[in-house]
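As C-alpha cells, one chain now follows by itself in the form predicted alone.
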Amino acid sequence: MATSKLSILAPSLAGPLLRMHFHDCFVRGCDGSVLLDSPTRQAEKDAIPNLTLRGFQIIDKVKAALEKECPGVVSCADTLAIIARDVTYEVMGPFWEVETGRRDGKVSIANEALINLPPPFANISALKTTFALKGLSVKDLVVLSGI
C-alpha cells in the first residue's frame, strides 16, 4: 500500500499518524519504539498518554508491503516518519524532508513514555514546558495538540 493511498482510505488517520510519530520521537528519539509490543503490556504504547494512539494497523500494512518489495531495507522508524509526513501533506498540511537511515529501537518502556510525554490532563503551562524541553514552540504545541 503506497502512502498516497492512505489519506484516501483513511483520511481521518492523518492527524493520528502524525501524533503517533511525535509521541515516538518524544521518548527515545524517532526510533519506532512506540510500535513495539510487550507481552506484559509494559511497552510505550501501553502508557497512559499513548492509549489513544490510532493507526498501528496502517503502519503494519505499509511495512509489510515494503518488506515484500525490499526486505530488510526500510526500518519501522523510517516507515513511521515517512507515513506521518506523507499523510500530513496529502491533507493539505506542510511537507518536510525526512532524512532516512534510522535504526529501529529495540527497547520500549511504558514508564519512559510517562516521563517524557505530557499526560492527557496536563494544563497549558505544563504542556508549554514539556514542548519547550523538546525544542518545540507554542505553535508546535497547538498544531500537534489539535490532532
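All residue numbers are counted from 1 along the displayed sequence. Just so it is clear, the model here is predicted, and its values are computed rather than measured.
Same protein, other form: the form predicted in complex with a small molecule, not shown, and the subject of what follows.
Between the options Gln57, Thr52, Thr40, Asn111, the residue in contact with the small molecule in the predicted complex by a heavy atom within 4.5 angstroms is Thr52. A residue is said to contact a partner when one of its heavy atoms sits within 4.5 Å of a partner heavy atom; Pro120 meets this definition for the small molecule in the predicted complex. In the predicted complex, at least one heavy atom of Leu127 sits within 4.5 Å of a heavy atom of the small molecule. When contacts are judged by a 4.5 Å heavy atom cut-off, Leu18 counts as touching the small molecule in the predicted complex. Note on the interface: of 31-39, 57-65, 75-83, 111-119, the segment with non-hydrogen atoms within 4.5 angstroms of the small molecule in the predicted complex is 111-119.
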